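Only one chain is included here, represented as structure tokens and corresponding to the form predicted on its own.
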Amino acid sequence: MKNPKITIGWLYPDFMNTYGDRGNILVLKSRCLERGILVEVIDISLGSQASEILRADFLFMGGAQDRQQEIVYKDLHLKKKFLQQAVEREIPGLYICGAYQLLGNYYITAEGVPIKGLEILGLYTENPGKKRLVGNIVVKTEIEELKDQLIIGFENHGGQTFLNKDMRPFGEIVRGHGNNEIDPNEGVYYKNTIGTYLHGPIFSKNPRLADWFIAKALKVKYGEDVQLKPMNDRFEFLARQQFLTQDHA
């Protein structure tokens, strides 16, 4: 593959960027550039052409508070057709917390106000216990290529999400809360789209997950499997070991 390039579509960076979610863009870009993969980042927000979504090889959207989410929801409903096309075309995408919630059928705010979701994925979010689910989280992922490695992060959400029976979770909780207080699921995994409650940012703690997205983006764009050059993740490994040791202590 000669001179590969990835275009990252960053959805609503000015509204949806809680708990350091923008760090995922920085990590993904760095890991691409170190391997000689060119990167273009396009901001897609209020006033952006909806068709910009289909320019992206990887889509990212972080979390936010209810007020910001309501503003974004109204605009995204105008862009829904293009986002749905991207998901069905298997364009890799990572959607964190509030972004994850809006992919579903509806979301009920902490004040009890229902907000219609995009209905792209079969899930819904409520506030059954009026309680925030907060803390470090460890997940055994459903992604085949990553089943030998736990996914770690930090969650802080009041909404509790429930998947329809035909939806596959991102993973199963080892430690923490995940989607809700009832079942062991965390997030959702559909084609190359992942919705999750893991903040942190997730890529800095899980570099192999970042590489999974890079490889998927290149495969979808160029039509061939890619073997990414290994990187020195010694410090990431040490940070993960400390996290897991403390979390299981």
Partner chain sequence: MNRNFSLNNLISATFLVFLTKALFLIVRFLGIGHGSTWPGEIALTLRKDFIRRVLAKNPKLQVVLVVGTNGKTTCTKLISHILEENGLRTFSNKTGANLVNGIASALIENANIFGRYKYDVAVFEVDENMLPILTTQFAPKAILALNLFRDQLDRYGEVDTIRARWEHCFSALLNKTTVILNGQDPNLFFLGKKINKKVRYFGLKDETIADNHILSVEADATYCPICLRPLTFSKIAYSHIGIFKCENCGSNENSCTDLGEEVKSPLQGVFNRYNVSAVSLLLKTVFGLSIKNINRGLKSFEPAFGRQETIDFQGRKILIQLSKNPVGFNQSIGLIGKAKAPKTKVIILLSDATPDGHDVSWIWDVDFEELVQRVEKIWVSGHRAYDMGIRIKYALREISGGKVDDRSIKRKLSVSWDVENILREVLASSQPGDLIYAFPVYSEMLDFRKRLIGDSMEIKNR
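Numbering follows the first chain given and starts at 1. C-alpha atoms forming the largest set that superposes within 1.5 Å between two forms make up the rigid core. The structure displayed is predicted, hence computed values, not measured ones.
Missing here is the form predicted in complex with the partner chain; even so, the following discussion is about that form.
- Checked against the partner chain in the predicted complex, the residues Glu70, Glu52, Glu40, Asp183 give one hit for a heavy atom within 4.5 Å, which is Glu70.
- Comment: 27-35 is the region of 189-197, 220-228, 27-35, 53-61 lying near the partner chain in the predicted complex, near meaning a non-hydrogen atom within 4.5 Å.
- In the predicted complex, the partner chain sits within 4.5 Å of a heavy atom belonging to Gln246.
- Contact between Lys80 and the partner chain in the predicted complex is not found at the 4.5 Å heavy atom cutoff.
- With a 4.5 Å cutoff on heavy atoms, Asn164 does not count as touching the partner chain in the predicted complex; it lies far away.
- Among heavy atoms of Gln65, some come within 4.5 Å of the partner chain in the predicted complex.
- Contacts of stretch 147-173 with the partner chain in the predicted complex, defined by any heavy atom lying within 4.5 Å, are made by Phe154, Asn156, listed in sequence order.
- The rigid-core alignment places the CA of Glu111 2 Å or more apart between this form and the one not shown.
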